[in-house]
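One chain comes next, on its own, written as structure tokens: the form predicted on its own.
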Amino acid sequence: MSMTLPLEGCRILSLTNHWAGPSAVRMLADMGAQAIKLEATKRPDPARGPKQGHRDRREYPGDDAGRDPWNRVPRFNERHLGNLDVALDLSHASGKKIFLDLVRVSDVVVENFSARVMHSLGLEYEVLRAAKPDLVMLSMPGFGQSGPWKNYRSFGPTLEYLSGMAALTGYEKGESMPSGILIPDFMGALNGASAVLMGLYHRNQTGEGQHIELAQLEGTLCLLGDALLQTAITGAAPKAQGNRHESFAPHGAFPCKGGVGSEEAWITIAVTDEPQWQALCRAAKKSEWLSEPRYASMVSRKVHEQELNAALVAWTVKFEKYQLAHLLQRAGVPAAPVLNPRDFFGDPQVLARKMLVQVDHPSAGLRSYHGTSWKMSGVPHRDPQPAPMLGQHNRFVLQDILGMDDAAIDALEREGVIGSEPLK
């Protein structure tokens, strides 16, 4: 059995913040890469929150901001598992020199700034390539590095609305509605990690570096393929349908025992063909549904969907959501309980697959985080290391990787080039 992960020996410099970029780098760290996050004490990753802490203390473990709130925010710590952290001011001449020294001994640089930032710092790809000719660099601007919007900033909700996704995820006859979990950020992370792997493969094949430009808006559009195709063919854009499907019925979320409208008492059912419909009728012991002309085909069920859903609700509310999901799955009907985050921590499938891992953070303590979503044969499972505190690895990186002595590092601290506490 191999004891090494696929990217062990690969070093990544992460100039990322918020969500998409850090999540991409975390995936690569899960594959064994040494990921070094670079942020500055005068501008830490915004996901760390304000120096004095969020007003709502529920943002922190145990509702306690502690003495170092910036190290205790769960969303930052989840996205940066397995990273090292150097708080380095890249606007300072000494900070730039150190960064370029790190580039020379690294394989990958990932940044998700808007297009102007790296150029403004004087650290665009051509400069980095001069320091490391075979460098793989991934840039993840929201709108790309060309075009009239290249310098605009974006976040997940921005991209959901601009891509047209939000117009499809709301309720019928309702206002446009974002997903709530910022799907474009996750797509950016997946596309970003895949792009780095592609760049490394290209380098291994040719010996050449690569600058990969990933416009996150363009990466989001792949999720709307059928909607874009329909619009191109018919000239009419599809409309939001809530939990319903354009063709299938029954298809949606249905209340279970525990109270209609309770977020903890719903099941999803998606019938996509006639055998599944027949299996649903048998599981529900509703032979009359099979003989009902309104439900005789998928087309007619879709026409009479409102009546069908009402009949189905009258049956589903008699069952607990897990009980009903197991009943339907055994019958051959695609169904699943609707879980909220509290359910997830006790779900038997989550526990059996060890989807959550316990990680002990120096400030936040022992907490559960999601583990890797893949399992590789021949490679032993390893729980991720905790997310770094701000500037936690300044000395390790500067001494062990760059060979700087204590006096030089002390001078950098005095000058404010490195540090371990936000300036404001």
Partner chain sequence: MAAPALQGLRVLDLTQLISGPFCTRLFALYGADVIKIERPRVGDIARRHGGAAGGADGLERSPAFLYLNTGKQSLTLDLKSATGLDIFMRLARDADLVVENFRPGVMDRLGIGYAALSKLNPKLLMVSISNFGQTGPYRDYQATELNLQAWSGIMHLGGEREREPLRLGYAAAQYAAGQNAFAAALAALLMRSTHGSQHVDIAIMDTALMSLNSAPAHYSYNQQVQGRRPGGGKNSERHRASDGYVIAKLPRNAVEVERLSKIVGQPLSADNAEEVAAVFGRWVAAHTKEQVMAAGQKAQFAWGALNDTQEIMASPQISERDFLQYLDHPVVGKLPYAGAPFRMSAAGTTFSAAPTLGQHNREILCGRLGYSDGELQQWAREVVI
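Positions refer to the first chain, counted from 1. Bear in mind that the values here come from a model prediction, so they are computed numbers and not experimental data.
Here the subject shifts to the form predicted in complex with the partner chain, a form of this protein not shown in this document.
- Exactly one of the stretches 280-288, 92-100, 166-174, 293-301 approaches the partner chain in the model of the complex with heavy atoms within 4.5 Å, and it is 166-174.
- Although the partner is absent here, residue 23 is a contact residue: one of its heavy atoms lies within 4.5 angstroms of the partner chain in the model of the complex.
- Within 4.5 Å of some heavy atom of the partner chain in the model of the complex lies at least one heavy atom of residue 231.
- Residue contact check for residue 399: none of its heavy atoms lie within 4.5 Å of the partner chain in the model of the complex.
- Using a 4.5 angstroms limit between non-hydrogen atoms, residue 348 touches the partner chain in the model of the complex.
- Checked against the partner chain in the model of the complex, the candidates 122, 207, 133, 180 yield a single residue with a heavy atom inside 4.5 Å, and that residue is 180.
- Think of it this way: in the model of the complex, the partner chain has a heavy atom of just one of 226, 307, 320, 274 within 4.5 Å, and the residue is 226.
- Contacts of stretch 198-212 with the partner chain in the model of the complex, defined by any heavy atom lying within 4.5 Å, are made by 198, 199, 200, 201, 202, 204, 208, 209, 210, 211, 212, listed in sequence order.
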